[in-house]
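What follows is one chain in structure tokens, specifically the form predicted on its own.
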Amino acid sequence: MRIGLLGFGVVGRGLYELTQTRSDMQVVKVVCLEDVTLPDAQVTRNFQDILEDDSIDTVVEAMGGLHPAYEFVRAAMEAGKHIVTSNKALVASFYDELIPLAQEKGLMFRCTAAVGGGIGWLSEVERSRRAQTITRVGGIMNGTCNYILDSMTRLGLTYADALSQAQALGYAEANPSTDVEGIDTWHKVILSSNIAFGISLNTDTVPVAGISRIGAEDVARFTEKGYVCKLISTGKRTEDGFSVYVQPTLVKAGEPESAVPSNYNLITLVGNTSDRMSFFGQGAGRYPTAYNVLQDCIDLLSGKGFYSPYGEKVSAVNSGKLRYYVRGCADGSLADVAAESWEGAIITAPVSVEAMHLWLKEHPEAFIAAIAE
């Protein structure tokens, strides 16, 4: 395998290092905007150097972001090159273009490191769906949010202090909005659901709520009531089709999710034969993530393409009802569903996920957390 590598940051450099001892693959060209010199690979700023090299059979995209990653990956596929990527935003956003194109061109396309970093989650979903019907996927998919929430719960930090600490440790970006507003998790649960259920979700129908408005007073209330707050993703089969969403969720102390520490992930699938299976590990980091990029390259060598056939386009139906903790509802707009009071916050009677997220869009200053079923 001769690899053209797009990006030489945390993941790209990690993959390059992991290939150094292998005889079955080599990184021969790297697109990088910094001045880097490598002993056995050409470093270039021009993607055309990879695109026009007929000896390169596989492109590994480790740039991140949507553009120019999308344009580069699509051009590489049009040129007949296989793809490995760790970019969840790219695959979730352009699923309807990239996966059918891979099938049309007879190319292999893998993205295991896009969800769960070093866990290998998507490969496990692939193995599971061969033998059973998967009924549910989801869990803790973002290490940044989990670090912040864990620090607020265990150490009593404010949101601002926990975020600052996460940034100092390299767990959060200078602009953390993609993580803390739940967008990173949103991309991951959409991609996981598409593969687990053999569908293509209409992303506009998948609601998301993040953790940026949580306060120390909220966490204190949760602890007093025996709950721990986590950012939880959910994708599940229902009588109405498929329900998919992301939101802060209160889980009982003692549940597996409540004990997930620091920047770790805990992602779960439920199958009609296996029941619950959970996968725990590092959600990011150079070598854990690069390890799964390398595993994808090895899978390509054995002829393994995408995880599941491209499925029909479907909209998420989030009519299932949950109780919610709501703080910041000063206008009384939830008075008709308020079931009890928690010192400045309310607990609603069961309301649909869709209705609660529509309400939140109209009240962006509020903080909500579902209470786990």
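One-based numbering along the sequence shown. The structure presented is a predicted model; accordingly, all values stated were derived computationally and were not measured.
The form predicted in complex with a small molecule is left out here; the points below concern that form.
The partner is absent here, but in the model of the complex a heavy atom of Met141, alone among Val246, Met141, Val137, Leu122, sits within 4.5 Å of the small molecule. Checking Val293, Ala172, Leu191, Leu300 against the small molecule in the model of the complex, a heavy atom within 4.5 Å turns up for just one residue: Ala172. For the chain shown alone, Gly235 is not a contact residue for the small molecule in the model of the complex, no non-hydrogen atom being within 4.5 angstroms. Using a 4.5 Å cutoff between non-hydrogen atoms, Ala284 counts as a contact of the small molecule in the model of the complex. At a distance threshold of 4.5 angstroms between non-hydrogen atoms, Lys88 is in contact with the small molecule in the model of the complex. The small molecule in the model of the complex is approached by Asp179, whose closest heavy atom lies within 4.5 angstroms of it. Listed stretches are 125-133, 207-215, 164-172, 70-78; the contact stretch with the small molecule in the model of the complex is 164-172, by a heavy atom cutoff of 4.5 Å.
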